[in-house]
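As a starting point, one isolated chain is supplied in structure tokens, in the form predicted on its own.
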Amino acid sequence: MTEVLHPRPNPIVAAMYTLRDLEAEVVVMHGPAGCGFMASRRLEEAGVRVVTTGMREGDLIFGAEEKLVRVLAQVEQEFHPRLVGIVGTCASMIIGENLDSAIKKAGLKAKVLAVDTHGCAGPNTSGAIRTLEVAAQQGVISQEEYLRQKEMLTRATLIEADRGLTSRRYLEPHPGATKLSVALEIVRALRQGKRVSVTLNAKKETAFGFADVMRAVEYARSRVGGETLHLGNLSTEIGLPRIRRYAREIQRDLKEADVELALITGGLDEYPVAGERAARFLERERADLRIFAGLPHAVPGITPEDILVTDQPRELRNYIDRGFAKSVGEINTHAMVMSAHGILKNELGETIRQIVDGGMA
């Protein structure tokens, strides 16, 4: 087992994001004020109110249950939510706080999902699985949906350990290849009449950022010629309502840009298995140049000749060190997509458009 040294997401943050996907209006962090701070900022951009019990030193000795009861009562009085999530932290775990006891004392009208997790609980996906388990117990999702999502998250954990961010001891951030070099190759291939495939294999909201590559490649084809092949994990029938809404909005924008999907490989929460379906499809369909956007390493059979597009600098290092020299980074993707309701233009897409419009290739 690889001992991983570089920073990576933890179960607390995964639990917070999963509560957002379950449409929780308020997430209560039961811990110190700064716990989950960066994730909180992004989730509030997505319309989720994140509050904290703001534990102090004395709470670690005497407990903070009464503080949690007061915060829950304030949440109901000020926000009138239908669904509230409580996320445990390392601090609440250490002192053994009883979240369920606090919920009973608060006497809320809202349904409350108490997720007793912490930063030492294992892979970040364990926080998501625990949240979904509680949601199933409370009747927010079905047992069948819980088991499906648990399988996806378990597979995702295995992929990361096999060839992703937890497969190596330390990954130094890397900016990736230049967009210009990659965009020039794409436009030249189309101008030469070649077939260019774009595979979207993205995780949930990040698809708003990566799908622009499809639009840009189709725009280039309409101007310089060639042939395109688009496929992606954009099913509108799979996943929680918020995730299916993402897929509908992206498909709407792709249709407006004349992008036709040759294959829908799965849902936006299915990138571990959608990548396998994409790989089988591409084995049958010829493409002279292949582009993979989102989490390319989840697609089996990618080669050093392929163009990979992702958003994490450490993932870019992982790709480039493994010989995928044509890996480019859309580093700001996650910060941009949290409040999105449609595809956002990205740097690679804009570079492709500028090359086409400027006659540079």
Partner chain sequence: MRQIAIYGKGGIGKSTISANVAAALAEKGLITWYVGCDPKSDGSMTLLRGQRAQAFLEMMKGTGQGKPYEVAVGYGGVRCVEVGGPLAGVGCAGRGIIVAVQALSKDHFSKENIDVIIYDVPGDVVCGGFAAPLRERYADEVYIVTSGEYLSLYAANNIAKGLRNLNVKLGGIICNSREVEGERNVVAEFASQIGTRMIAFIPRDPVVRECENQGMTVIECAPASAQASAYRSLAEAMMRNKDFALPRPMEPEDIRALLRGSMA
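Positions refer to the first chain, counted from 1. Only a predicted model underlies this, so the values are computations on that prediction, with no experimental measurement involved.
Another form, the form predicted together with its partner chain, is not on view; read the next lines as being about it.
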Using a 4.5 Å heavy atom cut-off, which of 230-238, 196-204, 267-275, 86-94 contacts its partner chain in the predicted complex? 86-94
Name the single residue among K104, R286, H80, R248 that comes within 4.5 Å of its partner chain in the predicted complex, judging by heavy atoms. K104
Just to confirm, with a 4.5 Å cut-off on non-hydrogen atoms, which of Q138, Q74, N98, S222 contacts its partner chain in the predicted complex? N98
Is there a heavy atom of H118 no more than 4.5 Å from a heavy atom of its partner chain in the predicted complex? yes
